[in-house]
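This document starts with one chain, in the form predicted on its own, laid out as structure tokens.
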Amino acid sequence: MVTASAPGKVYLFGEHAVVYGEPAVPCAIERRAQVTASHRDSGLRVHAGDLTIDGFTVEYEGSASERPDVDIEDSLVEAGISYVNEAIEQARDAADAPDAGFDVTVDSEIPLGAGLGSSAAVTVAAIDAATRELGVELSPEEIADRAYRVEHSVQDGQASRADTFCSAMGGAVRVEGDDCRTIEAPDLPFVIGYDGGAGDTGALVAGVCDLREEYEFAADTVEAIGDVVRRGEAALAAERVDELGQLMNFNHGLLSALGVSSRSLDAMVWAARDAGATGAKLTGAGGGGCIVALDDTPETTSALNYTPGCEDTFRAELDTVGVRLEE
């Protein structure tokens, strides 16, 4: 039995645009997904202990690509096991053990679909735990690459390397197409607001794709997000937190123009800004979920706690450790 964990993330800049080759800067945060893998003769048994949905267990034999017959909504099945299924396939491939069976338990501090990289963290941790259980130890870079293949498959080819690379490596990273690297960053004062909901990542990404194809100015908006990221990199390197905040505000406006924000996300963003946050924006695919703000005072947290539609607020430290083996 092997247990591994990996961190979630917030985007300083660049979500959605990164799918089209623009740069993005996500940062790992100290909320983690933990996966335990135990070898068995055949089949795959997955227990989702805490994924912000009711825990459930499913069991079935054969390829992990098969659909289990369970009496719960398809969306919950997808949320609970799709990424694990593909992660186990990657572990089998890495260990040259195509018929290896597993008992897998997933526990996560990261809400599903909220923009904090839950699927990436679960995928990264599952690949690490399962390959170690089969006697193979992969580097964080190898895990990141295989985890990207998982997300690319599950998200119908619309994934970027940003989430999985950040979760595997930890800290702040820069991703532009296949160019992925870690970068230096100060310990920024992140405040997270969560509306209790979840966006449909696939539908939101597809919606932006449709806009780009229909309207030239939508394609220009995606490119403008890339320009914001490039300015943000310089501000981050120089630790100009005020400028980082201004650029986060720009980024949120551009994402709103692409139709991926929501009333609850906008309400939390404006509550944070009105409370004195240096900057605030949605993080992740949007449509619901989380916003990230920069504020080293308690004011933003207090304001979000009283904002209608905000169900949870917490501070999040930068997690400089990526995927790791748990004792």
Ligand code: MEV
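From a predicted model like this one, the values you see are computed outputs, not experimental measurements. Don't overthink the numbering: it's just position in the shown sequence, from 1.
Not pictured, yet referred to below: the form predicted together with the named molecule.
Practice task
Can you check 160-168, 88-96, 223-231, 181-189 and let me know which stretch has heavy atoms within 4.5 Å of the named molecule in the predicted complex?
Solution key: Checking each option against the 4.5 Å cut-off leaves 160-168.
Handout entry: 27, 294, 275, 285 - the one with a heavy atom within 4.5 Å of the named molecule in the predicted complex
Key = Only one listed residue qualifies here, and that residue is 285.
Practice task
Could you work out which of 316, 310, 303, 18 is the residue within 4.5 angstroms of the named molecule in the predicted complex, going by heavy atoms?
Solution key: Partner contact (heavy atom, 4.5 Å) among the options: 18.
Handout entry: Touches the named molecule in the predicted complex: residue 201 (any heavy atom, 4.5 Å)
Key = Within the cut-off, so yes.
Problem - Partner contact for residue 110 in the predicted complex: the named molecule, 4.5 angstroms, heavy atom - result: Because no heavy atom of residue 110 falls inside 4.5 Å of the named molecule in the predicted complex, the answer is no.
Practice task
Indicate whether the named molecule has at least one heavy atom within 4.5 Å of a heavy atom of residue 155 in the predicted complex.
Solution key: Although the named molecule is absent here, residue 155 would touch it in the predicted complex, with heavy atoms inside 4.5 Å.
Practice task
Please check if residue 254 has a heavy atom lying within 4.5 Å of any heavy atom of the named molecule in the predicted complex.
Solution key: Residue 254 lies outside the contact set for the named molecule.
Problem - Residues in 298-315 close to the named molecule in the predicted complex, defined by a heavy atom within 4.5 Å, in order - result: Counting only heavy atoms within 4.5 Å of the named molecule in the predicted complex, no residue of 298-315 makes contact.
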